[in-house]
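First comes one chain, alone, set out as C-alpha cells in the form predicted on its own.
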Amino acid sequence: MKFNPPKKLSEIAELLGLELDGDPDFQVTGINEIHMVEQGDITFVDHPKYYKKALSSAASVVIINQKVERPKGKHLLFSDEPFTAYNSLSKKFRPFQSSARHISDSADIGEGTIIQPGGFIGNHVKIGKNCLIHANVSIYDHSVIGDETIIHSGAVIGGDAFYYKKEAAGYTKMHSTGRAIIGNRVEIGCGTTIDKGVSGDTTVGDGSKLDNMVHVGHDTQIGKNCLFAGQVGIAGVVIVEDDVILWGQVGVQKDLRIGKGAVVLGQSGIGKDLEPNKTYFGSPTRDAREKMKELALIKKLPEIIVELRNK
C-alpha cells in the first residue's frame, strides 16, 4: 500500500510511539511485507531467523524487536511487537470503510460496462470499458478491473487475505491493505474468489480464464492467457507465469513459481517450483509421462509378486 502523500518517518514513529534510529525527515512512501517491498516502504520483522533478510531487503524502514546496527541507507523503528505495530499502521491509513450503496459513489465505471442486479461495487473500485458483471458479484474496495472482462455470479474479488499470527490467546488477523487487480479480457467463473494482497497486489493477467469455484490467495501473480479449471486452489504469494494451464482440483502450495506454458493435470498437488513448458501430474507433481509409467507399474505389482513367489 502506498501513502498519498508520503509521510515523514518522525510522524510514523510518533504515531506508533516507537524509538527511531534514522533520519526523522525521511519520506516514507508506503508499507509492505518483506516479499513485496520497494524502496521507500516500511516492513517489519519479529524473528531473528529473518533479520538479515529484512535488513538487506529493498525496504527503507524496518520495524524490528531487537537493537541492531543500522545498515547504510536504512532506518529502524524499535518495537516489542513489530506485527502489532505494522498492523496498527495498516488500520490507520487504510481503515475499513462501509458503503450504504450497491455501487459506491467513489467507484469509477467505464463506458459500456453492465452491472447486473445484486452486484456490489465497493469504494474506490475502478472498472474498465465494456465489462459484464453478473448478478451478485462482490468487488471489494480498491479493486481494479480491466476492459472487456466478464465476472460471473457469486464471484468475490478482493476479499481479505487469509493471514493470521498464532498467539497464546488465539489467532490475530493481519489487516489487509492490498488490492486485487484483474486485467483486460479476463473471464472469472461463478463462485470464484480472488483475495486482495496483504499490503501489495494480487494480479490476474490479460486474457486469463478462471472456471467456477477457483480460489486465488493473497499476493499471487497470475500471468497472461492462463487457463484454470474448476476447483483449482492457489495459496498466497505464488507466481504463475504466462500460458499456464491448471486442470480441475489442482492444489498449489504457497511461495512457489510455475513456469511459462506448464500444464498440470487434474487433482495434482504442486509443492515446489515447476519448470516451463512441461506437463505434470500427481501429488507431489512429477513429469506426467514418468508418473503414468509409475502408476502402470504399480498396477502390475500383484502379478509380479505372484510370479516371484512361484519361482
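All figures in this text were calculated on a predicted structure; none of them were measured in a lab. Start at 1 and count along the sequence shown; that's the residue number.
Absent from the display: the form predicted in complex with another copy of the chain. The rest refers to it.
- [ ] Indicate whether Gly30 is a 4.5 Å heavy atom neighbour of another copy of the chain in the predicted complex.
- [x] Judged by the heavy-atom cut-off of 4.5 Å, Gly30 is well away from another copy of the chain in the predicted complex.
Open item on the list: Taking any heavy atom pair closer than or equal to 4.5 Å as contact, tell me whether Ile150 reaches another copy of the chain in the predicted complex.
Closed with: Ile150: yes, in contact with another copy of the chain in the predicted complex.
TODO: Answer for Pro284 alone: is it within 4.5 Å of another copy of the chain in the predicted complex, judged on heavy atom distances?
DONE: Taking the distances in the predicted complex, the answer for Pro284 is yes, it comes within 4.5 Å of another copy of the chain.
Task: Partner contact for Phe120 in the predicted complex: another copy of the chain, 4.5 angstroms, heavy atom - done: Taking the distances in the predicted complex, the answer for Phe120 is yes, it comes within 4.5 Å of another copy of the chain.
Open item on the list: Quick check on this chain: which one of Ala85, Ile181, Val156, Leu76 has a heavy atom within 4.5 Å of another copy of the chain in the predicted complex?
Closed with: Only one option qualifies, and that one is Val156.
Open item on the list: Considering non-hydrogen atoms and a 4.5 Å limit, which listed residue (Val240, Val214, Val198, Leu89) is close to another copy of the chain in the predicted complex?
Closed with: Looking at the other structure, the residue within range turns out to be Val214.
Task: Whether Gln66, Arg94 and Thr220 all lie within 4.5 angstroms of another copy of the chain in the predicted complex by heavy atom - done: Judged in the predicted complex, none of Gln66, Arg94 and Thr220 sits within 4.5 Å of another copy of the chain.
TODO: Any residue of 100 to 135 with a heavy atom within 4.5 Å of another copy of the chain in the predicted complex counts; write them all down in order.
DONE: Counting only heavy atoms within 4.5 Å of another copy of the chain in the predicted complex, the contacting residues of 100 to 135 are Ala100, Arg101, His102, Ile114, Gln116, Pro117, Gly118, Phe120, Leu132, His134, Ala135.
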